[in-house]
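This document opens with one chain alone, in structure tokens, the form predicted on its own.
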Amino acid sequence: MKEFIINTDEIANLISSLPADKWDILAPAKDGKSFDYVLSSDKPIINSEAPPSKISFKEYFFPKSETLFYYKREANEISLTEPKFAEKKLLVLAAKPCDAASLPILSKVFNWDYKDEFFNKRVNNSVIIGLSCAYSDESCFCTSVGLDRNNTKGSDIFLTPFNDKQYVLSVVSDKGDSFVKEFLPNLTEFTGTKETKEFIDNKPFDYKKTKDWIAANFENKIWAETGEVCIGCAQCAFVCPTCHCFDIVDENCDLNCGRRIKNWDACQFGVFTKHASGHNPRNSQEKRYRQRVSHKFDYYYEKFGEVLCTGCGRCTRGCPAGIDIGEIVFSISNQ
């Protein structure tokens, strides 16, 4: 792995020098709530000790609402028009490991029986600069799902703080290598030793034990206990970097035209599995929350060999009912 030294001034110069007509730059917002676009004159937030943003960057690769095509009827003919896709590339700066790792996880489902060209184009047109994480609280559990502070999964380039003004820049992928050669050709090679801090998981669990327990405890009382608390608001799904449920609807502009749209959805909503007949196989919050945990730690792993969770803790921090998914899987794993 190639490694270089880069300082804060060189990062600022990179941001101001990228062609604005060809690149958008995304970084954690100053208010800590989300990721936001960075202007060439902005000073981006690159803070290894900051908590994860309240909302992940998922929506920039898998939008909340996305037009698939427009349709128009003239006489007996129906014409379809595909939406214009932005050709600009996206540089994501200072993505924590729990965010960067979400893209290869999501890629499994978006390239399963059907390849989602919208998602794939966005991923292919992006460069992810990951950032070593020096933050942890009682909601974090990245090490229990196979990640850690310095995990480079999903990153093309990775930054590790070296001192107050310098970072070690590690080239992770071929895409990252091409980016460095084109836009950062004068970096000094790093030959020293990086200092890394160990992450201590407050609620360590074995996700393989968790998977086995879930498969054998479909009717366990833990689902009823959690279902009584869950209010079905789905904030957990919307802030999560890996939740990917969506609905497809047709929206008419009048009798002869309209568009087909893909919208975010969530398994915690009461109508998510409701049939046209009126029957609902998940007709209680108990069943719906069981589905959420089972999907993340059993079904997805069974299908794709991945845990559908990066341990970022966003769902727990934002839950208005105080549900702690880390505590649930910790309890399951240690039974």
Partner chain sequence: MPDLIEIAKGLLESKEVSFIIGYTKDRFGRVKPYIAKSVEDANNLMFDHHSIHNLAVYLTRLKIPENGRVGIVAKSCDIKAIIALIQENQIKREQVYIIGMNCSGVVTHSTDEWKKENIQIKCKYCADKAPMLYDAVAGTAEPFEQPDDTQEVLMQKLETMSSAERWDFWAKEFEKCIKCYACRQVCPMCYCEQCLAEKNQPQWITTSPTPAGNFSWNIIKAFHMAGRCVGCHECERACPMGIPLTLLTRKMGMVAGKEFNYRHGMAIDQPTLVGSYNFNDNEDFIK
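Quantities reported herein were computed from a predicted structural model and do not represent experimental measurements. Numbering follows the first chain given and starts at 1.
Below, we refer to the form predicted together with its partner chain, which is not included among the displayed structures.
Contact with its partner chain in the predicted bound form, judged as any non-hydrogen atom within 4.5 angstroms, is confined among 208-216, 259-267, 78-86, 166-174 to 259-267. Here the marked residues 12, 39 and 182 all miss its partner chain in the predicted bound form; none has a heavy atom within 4.5 angstroms. Within this chain, residue 231 lines the site of its partner chain in the predicted bound form, having a heavy atom no more than 4.5 Å away.
Mapping the unseen interface onto this chain, residue 65 counts among the residues with a heavy atom inside 4.5 Å of its partner chain in the predicted bound form.
Under a 4.5 angstroms non-hydrogen atom cutoff, its partner chain in the predicted bound form lacks residue 20 among its neighbouring residues.
Of the heavy atoms in residue 117, none are within 4.5 Å of its partner chain in the predicted bound form. Listed residues 152, 139, 102, 160 were compared with its partner chain in the predicted bound form; 139 is the one with a heavy atom within 4.5 Å. 54 is the sole member of 30, 43, 303, 54 with a non-hydrogen atom within 4.5 Å of its partner chain in the predicted bound form. With contact defined as any non-hydrogen atom lying within 4.5 angstroms of its partner chain in the predicted bound form, the contacting residues in 236-263 are 238, 239, 249, 251, 259, 261, 263, given in sequence order. In summary, the C-alpha positions of residue 37 and residue 56 converge in the predicted bound form, ending up at least 3 angstroms nearer each other than in this conformation.
Relative to the displayed conformation, the Cα-Cα distance from residue 285 to residue 33 grows by 3 Å or more in the predicted bound form.
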